[in-house]
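Next up: a single chain in structure tokens, the form predicted on its own.
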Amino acid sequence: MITFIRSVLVLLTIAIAASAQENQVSFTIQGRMGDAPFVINTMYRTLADDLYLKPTSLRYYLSQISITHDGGKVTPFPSLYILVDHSAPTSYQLGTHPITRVESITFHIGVDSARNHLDPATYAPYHPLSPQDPSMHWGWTSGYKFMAYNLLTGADTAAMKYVTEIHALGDANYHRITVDVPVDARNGKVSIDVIANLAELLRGINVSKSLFEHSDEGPAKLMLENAAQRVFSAATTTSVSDASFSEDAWKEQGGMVSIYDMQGGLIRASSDGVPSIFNGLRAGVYVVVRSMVGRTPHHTLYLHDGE
């Protein structure tokens, strides 16, 4: 009997230790424009409106982040504020936590009302809520810009003459988003990868002419509603196709060639006549995208040998 009890205690100890295993947690947002990677200052064609669009900047706040994991447990990050800037890497380290199997991640677009009307100057310079350049604050009364999207549009690539600025704010537009992301820990790490299909931000918003909306109403309100309802989903590789690939053939076909890592980060890009884009690239698996005006971008999952 004593031996049996000892065995049970050993098993319980092992189970408790396993359940409390600490893993490094990261959160990555892969910006997309439909099937293509979202890249600032890149030209896209919106087929529904027969319009060319070039994003020049896109930034937004995430707050009240929490992770549901391991059978319904919730780990909150109440003090974490992220300023997502799609001109820079969008991968964030959330620290080490007893999380082994993620079920979903929850976050809000914008800044919660408890912080939305405080003085940005009270934060340390490196804090996301401190004064930014360009500014992400609209004064103490209105609070922070939850999302600021700037872009150019035109009927053709040579005449991108229309300027759109949609800067959205307002406590009433603070939306909660939950994304089901089934992820298991691997080698001491938990990687939560979320797709942001940013083409959906402008659904129902006419940007064929210049548009300036800095408010909590109209197109600004709709953009935040689109973000809450249409933009975010669990990352998959279903948009990547055509495993066969020839670097020489790709170069000969022309167009803009962009190389991304498997987290959605832009490694390098080139236009026509730059055949050396693969030179010096480390061995590994990449997503290679060829974009040509008026055609659907072509994606290839490519194993590069490093030569």
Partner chain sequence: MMVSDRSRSACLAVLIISACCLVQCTTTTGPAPVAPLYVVPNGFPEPVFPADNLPSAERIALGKALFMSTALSRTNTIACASCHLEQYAFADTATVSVGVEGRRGTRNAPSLFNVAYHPYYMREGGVPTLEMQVQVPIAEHNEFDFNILQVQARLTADTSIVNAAMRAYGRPPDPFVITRAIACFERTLLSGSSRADRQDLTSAEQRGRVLFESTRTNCTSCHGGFNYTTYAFENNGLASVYADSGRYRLTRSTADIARFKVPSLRHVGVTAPYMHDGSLRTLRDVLDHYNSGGHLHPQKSPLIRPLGLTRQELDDLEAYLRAL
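Predicted, not measured: the structure shown is a model, and the values here were computed from it. Positions refer to the first chain, counted from 1.
Omitted from view is the form predicted together with its partner chain, to which the following refers.
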Open item on the list: Within 4.5 Å, heavy atoms only, which of 100, 75, 90, 215 is in contact with its partner chain in the model of the complex?
Closed with: 215
Task: Position in contact with its partner chain when the complex is considered in the model of the complex, options 188, 134, 182, 204, heavy atoms within 4.5 Å - done: 134
Open item on the list: Only one of these stretches, 147-155, 91-99, 226-234, 116-124, has heavy atoms within 4.5 Å of its partner chain in the model of the complex; which one is it?
Closed with: 116-124
Open item on the list: I'd like to check something about residue 142: if you look in the model of the complex, is any of its heavy atoms closer than or equal to 4.5 Å to a heavy atom of its partner chain?
Closed with: yes
Task: residue 124 and residue 142, C-alpha gap in the model of the complex relative to this structure (3 Å or more) - done: closer
Task: Pair residue 215/residue 142, Cα separation in the model of the complex versus the displayed form, closer or farther by 3 angstroms or more - done: farther
